[in-house]
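Given next, in structure tokens, is a single chain: the form predicted alone.
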């Protein structure tokens, strides 16, 4: 039984950081002052993951306004559009607008990640999967959707290839939010294959906001090392019906609910996965990014994952 832990999305911004962002937006604060607060909170985010023995570490993504924004702002052929709702959450993102051929003509994540704050050989970077990015964009240029997806994949693969990350996660809510036709899932898989060919580290795909059954069984064939599942909307039956040969990411800590899962509850869920499925190795995580929760609640959930990992390793 192999058990690890990691985060699968952005950390929440503290009240202080949100206030500083507002002051900066009004022109009342210098960029340097904003950066200092972001850096300070990033250090705290890295510290709590390290203290709880997470296998890989994210920097918290505190300067990402939404998961798609760095790519919408920096990809050639893409502009930043208006606000749209982020699936069934009470938060919004700015839609990328496709106005020409999508290409990576400059670094996409430059100054977006605090590489120096994460210990060497521990860095995990989270990006949208090419299909989700394309699906959530407004396409004003491509006649064929699949051509857009493949160009996005090529551009992201070029960026991921040069990242100093040991683990890259493709966040893929569009794969499971609703049941997709088989050819759409295969399109998403082909796009991931483009990334896989250029990235040699650990590659994971994390599905959230929908049941993993919506992308099964094709998801099992994706060229990734870890398949992440949102257990708040996926039943055990959905896992028991399939043969998992990859590592399973168990998103069993609810990232959208302030109710605190106890370490014993987390342990029970993980043990049930091992006893009732074919899974041999798991990563324990929240169901999605913890950005939807108050900062103090998110930190408690992280600590409880850490305590659960300790208990599991003693079994």
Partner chain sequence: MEDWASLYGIRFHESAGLDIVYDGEQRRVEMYEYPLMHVRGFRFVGYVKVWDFEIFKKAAVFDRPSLIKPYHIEEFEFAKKKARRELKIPITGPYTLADWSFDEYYVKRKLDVDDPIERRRMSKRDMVLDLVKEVIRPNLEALIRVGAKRIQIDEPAATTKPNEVDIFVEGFNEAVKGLDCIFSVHICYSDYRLLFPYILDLKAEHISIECANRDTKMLGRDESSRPGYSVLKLFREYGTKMKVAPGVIDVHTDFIESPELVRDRLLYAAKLLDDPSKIIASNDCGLRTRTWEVAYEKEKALVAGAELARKEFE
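Residue numbers count along the first chain shown, from 1. Here the structure is a predicted model, which means the values were calculated and not measured.
The same protein also has a form predicted in complex with the partner chain, omitted here; what follows describes it.
Item checked: Listed residue (242, 87, 199, 142) with a non-hydrogen atom within 4.5 angstroms of the partner chain in the model of the complex -> None of the other options qualify; the answer is 87.
Notebook entry, point to check: Does the 4.5 Å heavy atom contact test between residue 21 and the partner chain in the model of the complex come out positive?
Noted result: Contact check for residue 21: yes, within 4.5 Å of the partner chain in the model of the complex.
Check: So in the model of the complex, does any heavy atom of residue 177 sit within 4.5 Å of the partner chain?
Finding: Yes, contact at 4.5 Å.
Notebook entry, point to check: Does residue 234 reach the partner chain in the model of the complex if we count a contact as any heavy atom within 4.5 Å?
Noted result: Although the partner chain is absent here, residue 234 would touch it in the model of the complex, with heavy atoms inside 4.5 Å.
Note to self: So in the model of the complex, is the partner chain close enough to residue 94 to count as touching (4.5 Å, heavy atoms)?
What the structure shows: Residue-level check for residue 94: yes, a contact with the partner chain.
Next item on the list: Indicate whether the candidate residues 43, 300 and 310 are all in contact with the partner chain in the model of the complex, with contact defined as any heavy atom within 4.5 Å.
Entry: No, none of the three is in contact.
Checklist line | Region of this chain that lies against the partner chain in the model of the complex, out of 242-250, 22-30, 50-58, 279-287 [heavy atom, 4.5 Å] | finding: Going by heavy atoms within 4.5 Å, the stretch is 22-30.
Next item on the list: Pull the contact list for 280-314: residues with a heavy atom within 4.5 Å of the partner chain in the model of the complex, in sequence order.
Entry: Stretch hits, in order: 291, 292, 293, 294, 296.
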